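In structure tokens, one chain follows: the form predicted alone.
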Amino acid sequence: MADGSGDFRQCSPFQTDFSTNERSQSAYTPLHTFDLPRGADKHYQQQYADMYFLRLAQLKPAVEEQAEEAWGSMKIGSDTPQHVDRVLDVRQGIPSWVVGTVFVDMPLKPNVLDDISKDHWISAPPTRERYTTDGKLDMMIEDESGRLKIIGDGLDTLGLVTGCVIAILGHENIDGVFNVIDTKYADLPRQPERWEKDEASLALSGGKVKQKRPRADRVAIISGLEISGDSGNDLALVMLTEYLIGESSHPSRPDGSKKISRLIVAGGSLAHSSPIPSREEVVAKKGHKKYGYDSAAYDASPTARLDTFLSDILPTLPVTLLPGVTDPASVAIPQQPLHAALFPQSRALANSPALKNDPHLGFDSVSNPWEGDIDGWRFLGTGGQTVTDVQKYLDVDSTLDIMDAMLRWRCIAPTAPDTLWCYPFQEDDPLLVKECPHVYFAGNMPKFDFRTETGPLEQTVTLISVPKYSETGIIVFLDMETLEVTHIELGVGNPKP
């Protein structure tokens, strides 16, 4: 407004107060459960068979406890079932129970010998979506002593896959086959109380354990951004950015993003960033070696767009980034964090090795699977490969059923290393669930879904199936006080026909 002389240069400043959005800060503690050794400490000479024996040794006491509680005083006719320590010690006609690792012989399952023989052919057959067939599958249980074939009507209704550790009750028939009457598994382990880890750390440091904490807001989870080198999904990415930084809102969420305290990206951020070349491509390139940067073979624009997306939202919203099957990370699980060199703009706000447990991290590139504490709740999440591979063994369409079964088996990747590539662990297997999470999510799933499961010790787990954002435009929200799950759809995805 001008003064009395009409000179706008001498007017007073504008008195309008502009509203600002302030986010509450979430208490964030990454646990680094799945970090692999670095440099010379990382070895691949170990035998993968040792992984199954290690899992059996670690899970056997918990499975035996469940079996003893269920079958300890049980009668089959006039006999009490005997506990047999080894699979090959089972005796014909005597009711007994034994603990071992399941092995399912599936003819459509990948075989390393078949992979070697494919070198003699021009092209390999396509990857199968399912390993199941219409015929009867051979199922066995094994331990360090050997294998025992198992049959039974109850096995047909159970979702059992290679690698899960169970106890079987029954008897061996004259054919040397164990007829199963019932099965037991470890079930959910102990679940930590909310804020248990934070309060334990405070107690060790001599601080006040019980604190009055502010009300927590929401955590947003997305997956499958599938950023490519073209401009096909630019609109979807722009609308997501505008929503997350508060420049736009949604009818079901008029408060926009100001109640979001952290964003989790559950894999699939890039679209086929590191495709494995076919045999024809390898043969065609022989004799045409090219040194240095080859723009025809490598396109940096997908990672540049991902970096731009992250740098736009990081000043106002912390991000936890998991790699996925199409991201430039190791194929074998646990996939290690995406390298900071991929994010020249965002890495200024990334964690450094010296600040691994800094609660104020803006950008945390983590492993897949990933485990951490947010606002006192224990989170366990994957980019989806572990769930997808188990689904190939079963005629089950519900990803939540598979996720629930994996937690109750206490192993989030039972099919590794049989059909899912993984690091050959020897002394300890981080893929075993040692503490029950409060939230378990899987990215890049066919559809959005969620439910709550309860364990034998009153454990409560929220299971979340997160679909691809590029196909659905869905953002999942988790209320960090009630663990209530909601979602919005921005309506910019490209749904499958």
Partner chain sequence: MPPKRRTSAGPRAPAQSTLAFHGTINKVTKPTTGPRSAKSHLKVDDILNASTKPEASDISEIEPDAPTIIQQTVAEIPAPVKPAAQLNAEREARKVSEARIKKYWAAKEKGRLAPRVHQEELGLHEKVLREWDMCAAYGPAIGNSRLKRWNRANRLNLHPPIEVLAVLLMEQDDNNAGAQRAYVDELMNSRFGDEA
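Positions refer to the first chain, counted from 1. These figures come from a predicted structure and were not determined experimentally.
The next section is about a form of this same protein that is not shown, the form predicted together with the partner chain.
Contact with the partner chain, judged by heavy atoms within 4.5 Å in the model of the complex, is confined among 456 to 464, 64 to 72, 23 to 31, 48 to 56 to 48 to 56.
Contact annotation for residue 230: none of its heavy atoms lies within 4.5 Å of the partner chain in the model of the complex.
Contact check for residue 447: every heavy atom lies farther than 4.5 Å from the partner chain in the model of the complex.
None of the heavy atoms of residue 234 is located within 4.5 Å of the partner chain in the model of the complex.
At a distance threshold of 4.5 angstroms between non-hydrogen atoms, residue 153 is out of contact with the partner chain in the model of the complex. Just one of 247, 193, 397, 144 comes within 4.5 Å of the partner chain in the model of the complex, counting any heavy atom, and that one is 144. Residue-level contacts in the model of the complex: of 301, 345, 426, 80, one residue has a heavy atom within 4.5 Å of the partner chain, and it is 426.
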